[in-house]
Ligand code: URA
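One chain follows as structure tokens, the form predicted on its own.
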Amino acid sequence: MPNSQQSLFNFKNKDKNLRFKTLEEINNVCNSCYKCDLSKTRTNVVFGDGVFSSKIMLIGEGPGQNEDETGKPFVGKAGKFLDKILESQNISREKNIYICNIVKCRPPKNRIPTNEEMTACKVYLDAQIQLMRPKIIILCGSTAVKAMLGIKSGITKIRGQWIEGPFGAKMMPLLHPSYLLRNQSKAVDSPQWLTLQDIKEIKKVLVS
């Protein structure tokens, strides 16, 4: 199991200190948050989308331009490709998955969020996870993996592996859809083929 000592997210002994009681309350506070400089350039806070009562949560890096404009995560080209992959196993944000990000505001020019920005936003993701208590958490892309697990090894080395998560959840790193779009091959052992196998494994555990 990867070493998580450097993770930004530590969920031990937090039940007694849960600040928020409802998803709406988290969303309202998040929408008026100015704790980091991302708040100065955002159009919309991108809080989350999907079925909050579901057993599966997907966590990405942060909003891009399309997400900043619409206020919803993963709605651009990469997001539509992600939807297609998930729907191949009958997983969708309309039915049975909740999608959010490490940071809720778009970093300028879609750069990787800084540790300070991720730390400023962590209280909101902490609360989303604590309230939802998902059975499965998908860590989509290397930034989500680094933030949640605190590891420096490449995501290609750990994608598809089950990792112990908060509140008994199982976490699995998944290649980011933008990376998959740059690697179009569907041949055996290609990134797209491997990702499909990962989604099949996720669905298997989801329904077990």
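Start at 1 with the first residue shown and count on from there. Just so it is clear, the model here is predicted, and its values are computed rather than measured.
FYI, the form predicted together with the named molecule isn't displayed, but the following is about it.
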* To do: Give a yes or no for D49: in the predicted complex, does one of its heavy atoms lie within 4.5 Å of a heavy atom belonging to the named molecule?
  => no
* Asked: Can any non-hydrogen atom of G60 be found within 4.5 angstroms of the named molecule in the predicted complex?
  -> yes
* Asked: Does the named molecule come within 4.5 Å of any heavy atom of H176 in the predicted complex?
  -> yes
* Asked: the named molecule isn't shown here, but in the predicted complex, which of 67-75, 131-139, 84-92, 116-124 has heavy atoms within 4.5 Å of it?
  -> 67-75
* Structure fact -> Restricting to 101-120, the residues within 4.5 Å of the named molecule in the predicted complex through any heavy atom are N101
